[in-house]
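Quick setup: the structure tokens below cover two forms of a single protein chain, split into structure 1 and structure 2.
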Structure 1
């Protein structure tokens, strides 16, 4: 190749995937993700992608190349975990599991969305339910259950409130509360840094 042509043609050589995020995928047993050929089948068949800006291939690619901004991107939370991408992937890559792992990494690093954080801390930990079914706001739902011959509340912590403490103990023992505390700390630190940047401007 002549020197003149080389001046205008620049080649980006990817010497392998070596990033902190990609390593977490490998550690979780998702090493098969390295066989991704970036064909776009996951994006092309994604039901969420048809209605939102979510592009599965882009999120996976960013994670594999070490682009840590993917952790703060709201798009990773738009996946409905329907597993359609996995069913269609020509390389049999568990794409949905990778998105779930990406979300887990985001939470570990304090990039959990405020509504998810509130649900985890203020509702799930306190009540033992992701969607509480008791209370006056759920009267129609309870009436509907009764119309089918069911008790107004399911046999969960709503009908066994003493079990809430057991749920909380379980969440503590698996590290859930520690994870949420760490996420809150990291979110707070990040918010302070942003405030300082705004003050400088």
Structure 2
């Protein structure tokens, strides 16, 4: 392809890309979406799109054209990561991976849903499990384990306090804790703005 044509395509498809967030889309590799031919196979086979307003093709396309509103939309959290779109895309675009990347950017920008935030910070970071069974509140799960001939707690982080520390240290080291603090801050600021708007009304 000649340089001219290459430039022409870039300019037209990425016309929205000049903001900070749109640049993030590019950095995350979402540009592979440019080979999308809009065939709709991804949307057509999507089990989530069958029952919600979520449209795979449209979510990806919004990101590609630099439309930031895709990050605050609940739609990107409705993908069950079944990987049908990833498998069936005739252009070999790893669609599901792209959605996961969009979610990463959404979290960075503070668009993390409350149940997810609490799962990450109050459960996973504290216990090392996403679904824990330790502590008095979880006594029944320990009893259930015993009733099936297992020790009350599994040989995981639950019986190795030093392992929980390892997990926490890694999460700090890789920037997870910082990311969550920042997400909480951005979320808080946004909520305040909304409150003010309400007051003005």
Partner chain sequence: MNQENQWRYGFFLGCVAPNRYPMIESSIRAVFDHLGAELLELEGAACCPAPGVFRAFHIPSWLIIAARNISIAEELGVSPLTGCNGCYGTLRDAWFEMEHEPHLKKMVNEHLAKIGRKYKGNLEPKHVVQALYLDMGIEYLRDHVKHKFKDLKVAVHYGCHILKPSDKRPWDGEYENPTFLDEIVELTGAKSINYQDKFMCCGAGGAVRTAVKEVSADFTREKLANIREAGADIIIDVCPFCHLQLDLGQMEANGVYKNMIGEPFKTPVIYLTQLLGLSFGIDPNKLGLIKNHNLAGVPPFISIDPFMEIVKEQLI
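Keep in mind that this is a model prediction, so the values were computed, not measured. Positions refer to the first chain, counted from 1. Whichever C-alpha set is largest while still superposing within 1.5 Å between the two forms counts as the rigid core.
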If only one of the two is the form predicted alone, which is it? 1
C-alpha of residue 173 off by 2 Å or more between structure 1 and structure 2 on rigid core: no
CA of residue 28, rigid core aligned, shift of 2 Å or more between structure 1 and structure 2: yes
If you line up the core, does residue 52 shift 2 angstroms or more at its C-alpha between structure 1 and structure 2? yes
For residue 142, the CA shift between structure 1 and structure 2 after fitting the core, in Å, is 5.5
